[in-house]
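First comes one chain, alone, set out as structure tokens in the form predicted on its own.
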Amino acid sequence: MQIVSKLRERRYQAILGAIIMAVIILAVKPEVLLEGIQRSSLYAVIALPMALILGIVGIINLAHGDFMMLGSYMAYWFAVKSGLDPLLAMIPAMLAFFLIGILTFYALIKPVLGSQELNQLLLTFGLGLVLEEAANLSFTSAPLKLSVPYVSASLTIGDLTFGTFEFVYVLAAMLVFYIISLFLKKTRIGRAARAVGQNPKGAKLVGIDVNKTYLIIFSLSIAIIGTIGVLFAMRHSVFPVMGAPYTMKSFCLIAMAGIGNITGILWYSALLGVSESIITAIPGAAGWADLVFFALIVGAILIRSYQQRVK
């Protein structure tokens, strides 16, 4: 018990240290902190639906970022064909990707639910490759960019000038986090999903339809990530393999936070985003950002392993 209390004390000290560091960065180089917050929010909003699938359905979806890529292409197609603001594509994208999630679940996910984890990984990895190749054949590998004037808007406060559109990711991350939290805690389906995630056999014994729960959670997660693809396309270039790095980072963030810990994903996304922003702000050090990312992963996993041993 004494060791556990010391670990908790160190955790609180680490959080306090992070807050103090953020205040220092804000005072010395505020644009780095703002960029880090924007970047970390993007990481979090992409990782949260993946965490929902892994925590409840129990499958690592290696095609996660590729569904976001499809959402980005849908936003581009909508804007080009209709001439309307791509933000209007968010509602049809959510509905379309919920249906895509249903079809994917029945065609690919449900048959492998009881199989070995390696089979599930290979299946979703292969699905990601198929989606990338389909996008390549349909749109070519050339990057596409939406022309949306207001995404380049900026705000100047004193000597500080920063982009404002990226704060949409902050809003989206908080919105998705609270929607998932309320859904899991306050709705009947959400409570059933939590029970299924903790003990599928026990949930089935008390009358919960486990397969239906898996279907809803998987389809909802695909709907969320497809909708996020619309926001992504408004600020970033769209190309077939753009989602792969975000799949890897999402998986690593879940590994750092722990399965089922969606609050931890927000904390570790903030740590990753601000750390990357600090590194890229150093002249000539931008290439080290990925190394810092993997160093943080290794450190977090080692610390958690140590905590589990002492408990």
Partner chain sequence: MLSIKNLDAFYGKLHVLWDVSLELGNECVGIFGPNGAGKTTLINCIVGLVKPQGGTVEFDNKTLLNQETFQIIRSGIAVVPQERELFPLMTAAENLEAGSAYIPAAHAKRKERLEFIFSIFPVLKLKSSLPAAVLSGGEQRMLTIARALMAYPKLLILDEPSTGLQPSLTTDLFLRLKQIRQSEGISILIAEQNVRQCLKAIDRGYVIENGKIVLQATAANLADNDYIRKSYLGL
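Since the structure is predicted, the reported quantities are computational estimates derived from the model, not experimental observations. Numbering follows the first chain given and starts at 1.
Here the subject shifts to the form predicted together with the partner chain, a form of this protein not shown in this document.
A.B. asks: Just one of 98 to 106, 196 to 204, 168 to 176, 117 to 125 has heavy atoms within 4.5 Å of the partner chain in the predicted complex; which?
C.D. replies: Among the listed stretches, the partner-contacting one is 196 to 204.
A.B. asks: Check each of Thr161, Ser152, Asn136, Asn211 and return the one that places a heavy atom within 4.5 angstroms of the partner chain in the predicted complex.
C.D. replies: Here the answer is residue option Asn211.
A.B. asks: With the partner chain left out of view, which of Ala192, Ala223, Ile217, Val230 would have a heavy atom within 4.5 Å of it in the predicted complex?
C.D. replies: Looking at Ala192, Ala223, Ile217, Val230 one by one, just Ala192 meets the 4.5 Å heavy-atom criterion.
A.B. asks: Is Lys81 part of the interface with the partner chain in the predicted complex - any heavy atom within 4.5 Å?
C.D. replies: Flag for Lys81 set to no.
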